[in-house]
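Here you'll find one protein chain in two forms, each presented separately as structure tokens under the names structure 1 and structure 2.
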Structure 1
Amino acid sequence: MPLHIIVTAKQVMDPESPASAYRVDREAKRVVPTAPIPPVINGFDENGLEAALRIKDAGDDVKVTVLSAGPSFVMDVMKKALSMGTDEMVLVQDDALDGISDSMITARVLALAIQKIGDFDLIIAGRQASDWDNAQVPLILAEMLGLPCITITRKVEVKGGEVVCEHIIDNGYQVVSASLPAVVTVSNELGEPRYPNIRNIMAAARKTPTTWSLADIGMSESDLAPKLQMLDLYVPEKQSQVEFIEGENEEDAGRKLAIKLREAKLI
């Protein structure tokens, strides 16, 4: 039996895109793109893929499955996960997932899909998704599946039936372990995700993701009623009040800044 790792990965709007590339639709309580910028795999999930592939590199028999849920997918974007060297991909695709920001619902979808996938040893997720910044789906998923959860890690290793992680804390890190199966979330400190190589890109081109609807995983209508309700979504008003300090040259401006800060009793 191979060691089976499931990596959860969400397709999100590119968080590095300029502010002009999207706007807030206050009525619909949605952030909508205004420019045709392609979405990306959530950054921390790419770190999660890298974590899984490092375990695969270090082990003899490791299988990595990518799991994502959403209303629609841009295949060129999602295929990157396969091109990085993962083995399989499961997509839960359903119109009913459009606009879902309630973590309980998302975690339920992922839990049901994971149960349908069947055997697994480790679930790796990102620390948070850069759309709603909820940072809770993996924790709820772990609760639903009755599994241990280790969050915000920068190193993930599997040793003798256990997962051993470096969990980042305020002023350093802790080495934390748990028996498999377990859920782990990964942060960018894990390191850069690898670039797809030609061999993996070609292998990925031959792979077709398994696609399930909500009905396929046994999700019922009543599971879709959100508990978390959004009353408003807005861009906070900011009044620029910057005072530019100018001088004869840049050095002079620097000196004037010091004097200004002293006058304002800030230093």
Structure 2
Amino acid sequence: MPLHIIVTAKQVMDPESPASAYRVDREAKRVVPTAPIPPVINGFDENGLEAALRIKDAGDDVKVTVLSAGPSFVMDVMKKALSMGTDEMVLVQDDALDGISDSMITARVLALAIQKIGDFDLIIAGRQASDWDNAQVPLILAEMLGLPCITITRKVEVKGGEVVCEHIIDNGYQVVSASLPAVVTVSNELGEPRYPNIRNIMAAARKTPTTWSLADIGMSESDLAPKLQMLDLYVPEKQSQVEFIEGENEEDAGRKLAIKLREAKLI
């Protein structure tokens, strides 16, 4: 049996887009694009794809499946994962997933899809998504599947029946291992993801992703009741207050500044 790696990949708004390309609908509590800017695969998820493909490059018999969930997909965007060299793609696509930002719901959808996919050895995910930056879904997914989880890694290897990772810490890294199957989250310290070559682009064009609805994985709209309540969504307001300290000369201005800072308990 080949080593089977599942990589979760999320379609997100392009984080490189200017702020003017979006507006916040406070009533609907969602971000709305104001210009037709195409989405992208989440950057950290591309690092996860690269981690899986490096394992595939080093192994004799490795299969990589890409998994994503959402209300709709731009196929040219999602197929980049296939163009990088992955083998299969599974998309859970359902209109009911529109506007879902609850990590519990997303993790449950992915968990049920993974159970439907069947046998796997390793799940790799990006450390967080660039839209909400929650960094929760992979951890909840591991808990739901009853698997060990190694987070924020810069290197991932499979040795025997274990996954061995370099887990990033403030002043370096730790080497951490876990028995397979397991969940691993990958950070951008792993390095730049590979650029699709012509051969893989042509191969990806011939592949048709497997598409499931929520019903196909055993979920209904009633299962999407959020555990998290969003109270408000808004653009932070920036305020700046500047006070010029004047004096008879530089020495007097410096003395007055020191008094101000001491009154504010800053010195």
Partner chain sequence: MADEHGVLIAGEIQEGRLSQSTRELLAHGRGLADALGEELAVALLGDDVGDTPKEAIAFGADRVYAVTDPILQDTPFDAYVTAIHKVCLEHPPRVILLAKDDIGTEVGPRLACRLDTAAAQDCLDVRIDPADKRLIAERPVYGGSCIATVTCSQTPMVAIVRGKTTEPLERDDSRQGEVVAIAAGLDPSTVKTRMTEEVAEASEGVRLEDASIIVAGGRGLGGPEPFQAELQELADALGAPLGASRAVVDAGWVPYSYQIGLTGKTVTPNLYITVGISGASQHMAGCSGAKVIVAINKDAEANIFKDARYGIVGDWKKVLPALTEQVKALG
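The model shown is predicted, which means the values in this text are computed figures rather than measured ones. Definition used throughout: the rigid core is the maximal C-alpha set that superposes within 1.5 Å between two forms. Residue indices: 1-based, along structure 1. Only residues modelled in both forms are compared.
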Is the form predicted alone shown as structure 1 or as structure 2?
2
How much does the lesser of the two rigid parts rotate between structure 1 and structure 2, stated in °?
51
Superpose the two forms on the rigid core, then give the C-alpha shift of Phe244 between structure 1 and structure 2 in Å.
12.5
Superposed on rigid core, Glu221 CA travels between structure 1 and structure 2 a distance in Å of 3.3
After superposition on the rigid core, which segments of 3 or more consecutive residues show C-alpha displacements of 2 Å or more between structure 1 and structure 2?
220-223, 239-267
